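The chain below stands alone and is given in structure tokens; this is the form predicted alone.
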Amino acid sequence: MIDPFNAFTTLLPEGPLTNGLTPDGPLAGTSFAAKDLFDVAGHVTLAGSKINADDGKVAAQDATLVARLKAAGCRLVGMTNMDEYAYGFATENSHYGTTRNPHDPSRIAGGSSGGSAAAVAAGLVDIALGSDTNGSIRVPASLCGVYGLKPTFGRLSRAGVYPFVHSLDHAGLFARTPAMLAAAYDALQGPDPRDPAQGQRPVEPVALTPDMPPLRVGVLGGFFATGAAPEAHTALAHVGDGLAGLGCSIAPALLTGASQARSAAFCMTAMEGGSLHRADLMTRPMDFDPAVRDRMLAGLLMPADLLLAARRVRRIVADQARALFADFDLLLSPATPCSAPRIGEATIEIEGQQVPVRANLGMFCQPISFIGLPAISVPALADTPLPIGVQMIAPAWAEARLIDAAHHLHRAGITGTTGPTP
């Protein structure tokens, strides 16, 4: 297979014996890629780093989610490029190069799961696994114009997934259609004794309903209504109008602690991420991507009481969100503040101000990851020059509601993946 967008760090040879798939499973005939922090037996889990490559530690067994997709008949094509140790929103990796956006190769794919999103957007695979700590599935899904699901915190097993921030890491996936997303998500569900932090819930299959349920939809204002470029507002209005046309009620909503949640997420990410890599930061600092190293070092310098304060903020904002869902079935916001920036672009103009790219692409995703709610980025088929997604958010454990709503939007031509087909 040719990889014109640098989506992959490793391509595997074809064949069921090599890749260990079950040829008659429910996903037989489909293919997938795994972000290169999911263990694949017999290979080094790079996690986007030079250090892991140098250490050369080979995975003894597949990550649980890799094994489950293989068991469902899905063929593993390879492992995908990412920001080093999942700390970034661009997949401009100093060790393995930049993943390019299939819709415009002069632009980034987003991150940190950029290779996975690009592989799906380019039609190289049907499904891709990713991880999402602060928005690392929804950001590249938005910029690459595909569907990206971040389930509830603890829904899918993280066994065999290289950690970034234990308190915030989610495993999730990308697909070109909600129907494919539903099939893959069902194959990934279920308790896993290898992951003691996983919520021990049974498989709850996604039922795609024949007609759109009359959902109560809240459009998030306040923090979520500022700091976005015109194309983000266009996409949000397009999806909101589409849901209204499908029979949903639309009303404004406010998550008052979103800004505080984002600040607390920054602190928790830097502190826990830095702590995880403390030994290598002390002994091998020059082997890190400089941008990642500096943020982790800053986290090591933060006082411990900041972490306690961040955890208090998480409880408060989670309670605010639960109260919102007494009045709403789904919440809407932009997925990213803009469409894909150009490769190497350090800042973007938002509402007349230049703001840093890396720090701001996940601004609307971070508060939702922080409180662990399920969310999906849907690619709006709006009048925008480049793809951009809209974030739909549901109560905890209501992934099926998200995927079903995305299915009806897709079927109505309101959202959808454009570009090459597999």
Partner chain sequence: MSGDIDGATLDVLLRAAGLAPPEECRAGIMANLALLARHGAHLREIDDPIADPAELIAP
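Numbering follows the first chain given and starts at 1. These figures come from a predicted structure and were not determined experimentally.
The same protein also exists as the form predicted in complex with its partner chain; that form is not shown, yet it is the one meant from here on.
Q: Quick one: L332, I368 and P374 and its partner chain in the predicted complex, is every residue within 4.5 Å by at least one heavy atom?
A: Checking in the predicted complex: none of L332, I368 and P374 is within 4.5 Å of its partner chain.
Q: So, in the predicted complex, is R295 in contact with its partner chain at a 4.5 angstroms heavy atom limit?
A: Judged by the heavy-atom cut-off of 4.5 Å, R295 is in contact with its partner chain in the predicted complex.
Q: With a cut-off of 4.5 Å between heavy atoms, is D327 one of the residues that contacts its partner chain in the predicted complex?
A: No - in the predicted complex, heavy atoms of D327 and its partner chain never come within 4.5 Å of each other.
Q: Applying a 4.5 Å heavy atom distance criterion, does R322 contact its partner chain in the predicted complex?
A: Judged by the heavy-atom cut-off of 4.5 Å, R322 is well away from its partner chain in the predicted complex.
Q: Report yes if any heavy atom of G199 sits within 4.5 Å of a heavy atom of its partner chain in the predicted complex; otherwise report no.
A: Output for G199 is no: heavy atoms all beyond 4.5 Å of its partner chain.
Q: Which among 107 to 115, 285 to 293, 142 to 150, 340 to 348 is in contact with its partner chain in the predicted complex, heavy atoms within 4.5 angstroms?
A: Only one stretch qualifies here: 285 to 293.
Q: Of these, P178, G299, P102, G88, which has a heavy atom no more than 4.5 Å from its partner chain in the predicted complex?
A: Spelling it out, the residue with a heavy atom inside the cut-off is G299.
Q: Considering R158, R314, R75, H238, which brings a non-hydrogen atom within 4.5 Å of its partner chain in the predicted complex?
A: By the 4.5 Å criterion, the partner-contacting residue is R314.
Q: Taking heavy atoms and a 4.5 Å limit, what residues of 259 to 284 are near its partner chain in the predicted complex?
A: Stretch hits, in order: S259, Q260, R262, S263, A264, F266, C267, A270, R278, M282.
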